[in-house]
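Here's a solo chain for you in structure tokens, the form predicted alone.
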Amino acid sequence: MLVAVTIRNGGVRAVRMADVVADGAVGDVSADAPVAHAAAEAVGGAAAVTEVTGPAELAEWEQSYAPRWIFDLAAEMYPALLALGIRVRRCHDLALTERILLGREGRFGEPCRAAAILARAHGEPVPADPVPIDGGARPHVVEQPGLFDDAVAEATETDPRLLIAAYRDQMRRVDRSAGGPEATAAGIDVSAGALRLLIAAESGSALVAAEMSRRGLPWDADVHRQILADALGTRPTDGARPATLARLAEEISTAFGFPVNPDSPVDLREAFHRSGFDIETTRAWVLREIDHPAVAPLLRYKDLARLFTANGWNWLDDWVVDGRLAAQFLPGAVVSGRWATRGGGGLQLPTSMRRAAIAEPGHVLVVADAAQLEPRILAAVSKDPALTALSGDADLYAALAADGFGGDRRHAKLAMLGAMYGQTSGEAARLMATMRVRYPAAVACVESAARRGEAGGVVASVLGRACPPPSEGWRRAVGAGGASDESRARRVARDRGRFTRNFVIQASAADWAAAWMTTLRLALLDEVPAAEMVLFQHDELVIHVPEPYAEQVCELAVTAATTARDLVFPGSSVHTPVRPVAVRCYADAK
């Protein structure tokens, strides 16, 4: 059953109608699930618009029918339902789906809400997307929008039947795209079933993100303040440096012999130039190569200044409310499908700050880390038999070292990273010869993707998430004539090749992660509904769990990872091990 919901002043408009979709493991859509559109044809006629004046009917629909909720944008609509105590099992996010479909058509950045979808379908002028209603930049401080807020009504009031019409258009386009030229990239055949799986997983991850943003990671403000006090001293008045930074700034100036502002890269470059060091950047890796007494205090200053500005007292005031870190998660916001955050820096918590992430009394944090995910994804995408065999080892780099690098783990890791990221010089490039001999299919996979990118082609993830096509500026640079332009053209082409080389791996890892989280969320809803997913950082998921259920949640996280592997890479024996550990404090998970 489909339920399309939009908000309007005074209530909710909802369409409820039958939908013929085979059941599956992720959002009830499996990789080979046939989709029938006949039932959706009723939208224009027999399906009635039901006026809902409160949440009871919607809650009853979810409980009785477990429908697929059609959201124009889940990040906008679902928080309003959560505020009323309604958690849904599955949804179809029109905006996230349209972003995927437009990307496959090479049309990145175009409007992707329902009105734009239908306008394109009918050859009409495409309206800009409305500004999302997200409760403000601080969702725990500015109350999440409710069902009857005028601001939400203005942004989202649409005939819900139009949402189902947009859903139908998208499913038709999924079917049409199967087997087309864009369906094959870097040797990956992308079927309509794989695309449907991607859409279901991406939409499911939108529900994860909305719930994660609403609850937030448990955070002890007193511990955070103590970390800052130990590192920086007492909280300064506005505009002043903390005591430790002020002392280091004096040490830096003393070392140079004249006043220097350590917050100014221009000042620092000039200071080093005056001291006989001609540097173009003040990045840490450059400074470490310089023998000068100012380097040590400057490196320390940079570390602490980053802590002060990124996670200092102002950050604590803004983003930690009622004992929770209020980061706002945005699934699929990066072209590769990786997540981003709006405010709070939820994807960039420094190790030192993790000591403040402490479970509430009677609870633990289950931290599930997908270990060394990208090289394992390379094994699955490339179907390299030797690399697949090694993927069962808990430490893949150690297994690589023993297999082909004389036991040298560092060399093995450098070689693997060089293959995935296109390192063409230095030590990593020399080690690539061993990679080609030992793992030819894996190397051929990424090098094929690189050559495709260098030629201006497009590559895709295993489920069909496409990378952006090259810009017109890129095409001009690569096609420019003349000897003086030839070197630049090669460099520009190689840069794009490095991007497409890694895109195939990183985007396929994002496919797997979306399937993993969506599968795990459904399992938790069924078996441990009190568990909360509270943080997703790269390949690491944090779940806040009542302590008696910790072991069960750890098992569910591992099982969901295997299920995601079977869905995204059917028939593969590659291991995608998840290592869950239950801890009171996030810092103890490492």
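Just count from 1 along the sequence shown to find any residue number. Only a predicted model underlies this, so the values are computations on that prediction, with no experimental measurement involved.
Although not depicted, the form predicted together with the DNA is the subject of the following passage.
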Report summary line: The one option of P218, G344, G103, P470 with any heavy atom within 4.5 Å of the DNA in the predicted complex is G344
Query raised in the report: Considering the DNA in the predicted complex, which of G392, P350, G257, G109 comes within 4.5 Å of it through any heavy atom?
Result: P350
Requested in this report: Answer for G422 alone: is it within 4.5 Å of the DNA in the predicted complex, judged on heavy atom distances?
Outcome: yes
**Report entry** A507: touches the DNA in the predicted complex, heavy atom cutoff 4.5 angstroms
**Finding:** no
Report task. May I ask you to state whether E124 is within 4.5 Å of the DNA in the predicted complex, using heavy atom distances? Result -> no
Query raised in the report: Does any heavy atom of E532 come within 4.5 Å of a heavy atom of the DNA in the predicted complex?
Result: no
Requested in this report: Sort through 243 to 251, 73 to 81, 440 to 448, 279 to 287 and report the only stretch with a non-hydrogen atom within 4.5 Å of the DNA in the predicted complex.
Outcome: 279 to 287
Query raised in the report: What residues, if any, in 517 to 544 have a non-hydrogen atom within 4.5 angstroms of the DNA in the predicted complex?
Result: Q537, H538, D539, E540
